[in-house]
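Next up: a single chain in structure tokens, the form predicted alone.
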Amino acid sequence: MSTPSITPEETTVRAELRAWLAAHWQVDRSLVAWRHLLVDSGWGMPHWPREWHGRGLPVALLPAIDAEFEAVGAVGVARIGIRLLAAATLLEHGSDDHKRRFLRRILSGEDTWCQLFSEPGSGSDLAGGTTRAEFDGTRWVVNGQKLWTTSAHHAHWGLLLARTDWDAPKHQGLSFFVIDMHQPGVEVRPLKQMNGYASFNEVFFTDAVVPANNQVANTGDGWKVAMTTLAHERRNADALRRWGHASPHAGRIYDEERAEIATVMEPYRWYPQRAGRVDLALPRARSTGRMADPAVRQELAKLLMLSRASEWLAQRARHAKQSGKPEGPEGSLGKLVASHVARAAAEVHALISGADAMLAGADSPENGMIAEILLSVPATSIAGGTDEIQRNIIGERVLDLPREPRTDAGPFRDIPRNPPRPRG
């Protein structure tokens, strides 16, 4: 296979970045101070517009730029958590005021974010949300509840989807806001999961306030804005795996990066188990002697083939992004395949370990890791849009199948819905 030729533009960009890093990279600089330098230079997000902390470079050059950072061990801008979803959403739909106020502090890591979409009665049916925002003439007043909100307990800001018009059809009655999570009227409660973690939260709003200038896009455009956020979330499903690892090097900037990752990545510690830990399947089959069982070998082979196909699909999505193609339904394809991989991995782990897979503690398989996998895998088919939702998207937008019949047309207030969950 021939090696892609290096373009003159890539040669120029790499030389310019190499010189800039040689002049500015210092391991004893503070992490925030370094990131502000990156923001000012445009090298932190070089594919962003020049007027918004970028250099206007093609996304196809990003791998080359990343390679120059890696060559000297330089730390990049803040990428982990919800923050880059917030940045992508504001870049596309936010006002110049939003971009001035929020983008720099997102990239520097000074602000953390959360995503306030799902509700007790509207998870898969996201457009059925009943958290309401009412305009009192000068500001929006928010009341309601959100659920399954990762990192809400330490977020500074939230991306809020709320209902502003009960007489419009449900998709048209939603608006999008940036809300201050540290104000009175915002109560965050952790949710204990069956795998023992408490990564998610429920958030209650009681007369919480959103200034008028924190509304994103026009009233009634919330669904369109939320779809931008979700498209980036699905397309970047492997970003945590790529960006959530601290450098082993010594120096102040690395120490501060490790502390940041330890805090921001804490809610995601169980995500490898949620994905099924395919990496453990083959070594365990060998170490336990179960490789001699033809049924185990058959299921293991199926798993490894499916996992490799999933990796290729993820690579295709990354290459599409790097070539500048718009966000599309391939994110739904990738997410659906990831669900199949996770379930297949859980079945293989159960087949290898037998009844011992139900044990937890020091004397259980892999120190309880196998039991944790079995308890965590079901989340993959739910979080970020259920498998059923992804199949609908693929059927309608990829296969061009007829849309499913709708029974929720007309004013939202007339649509039957689940009663709100009691607070207490």
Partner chain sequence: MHFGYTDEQEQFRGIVARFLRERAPVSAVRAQMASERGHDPALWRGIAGELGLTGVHVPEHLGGQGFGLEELCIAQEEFGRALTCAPFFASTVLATTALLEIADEAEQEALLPALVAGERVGTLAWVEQGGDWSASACAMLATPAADGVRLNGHKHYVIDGLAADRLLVVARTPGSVGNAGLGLYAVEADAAGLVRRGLETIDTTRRQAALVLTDCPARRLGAGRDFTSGFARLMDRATIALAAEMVGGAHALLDAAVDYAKLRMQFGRPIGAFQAIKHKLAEMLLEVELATAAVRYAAAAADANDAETSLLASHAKAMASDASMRAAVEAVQIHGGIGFTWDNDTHLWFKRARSSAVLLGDAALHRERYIALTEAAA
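This is a predicted model, so every value here is computed, not measured. Basically, rigid core = biggest C-alpha set you can superpose within 1.5 Å across the two forms. Positions refer to the first chain, counted from 1.
Not on display, but discussed next: the form predicted together with its partner chain.
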Self-check item: its partner chain: the contacting residue among F177, W148, W157, F205 in the predicted bound form [heavy atom, 4.5 Å]
Solution: W148
Quiz prompt | in the predicted bound form, the one of T263, Q183, S95, S124 near its partner chain [non-hydrogen atom within 4.5 angstroms] | solution = S124
Exercise. Could you tell me which of 373-381, 22-30, 48-56, 65-73 sits within 4.5 Å of its partner chain in the predicted bound form, going by non-hydrogen atoms?
Key: 373-381
Self-check item: its partner chain contact in the predicted bound form: R83, any heavy atom under 4.5 Å
Solution: no
Quiz item: For M358, is any heavy atom within 4.5 Å of its partner chain in the predicted bound form, or not?
Solution: yes
Quiz prompt | in the predicted bound form, P120 touching its partner chain (heavy atom, 4.5 Å) | solution = yes
Self-check item: 4.5 angstroms heavy atom contact with its partner chain in the predicted bound form for I415
Solution: yes
Practice problem: Output the sequence-ordered list of residues from 156-171 with at least one heavy atom within 4.5 Å of its partner chain in the predicted bound form. | Solution: K170
Practice problem: Note yes or no: does the Cα of Q298 move by 2 Å or more between this form and the one not shown after the core is superposed? | Solution: yes
Exercise. Align on the rigid core first; then say whether the Cα of E396 has moved by at least 2 Å between this form and the one not shown.
Key: yes
Quiz item: If you line up the core, does G289 shift 2 angstroms or more at its C-alpha between this form and the one not shown?
Solution: yes
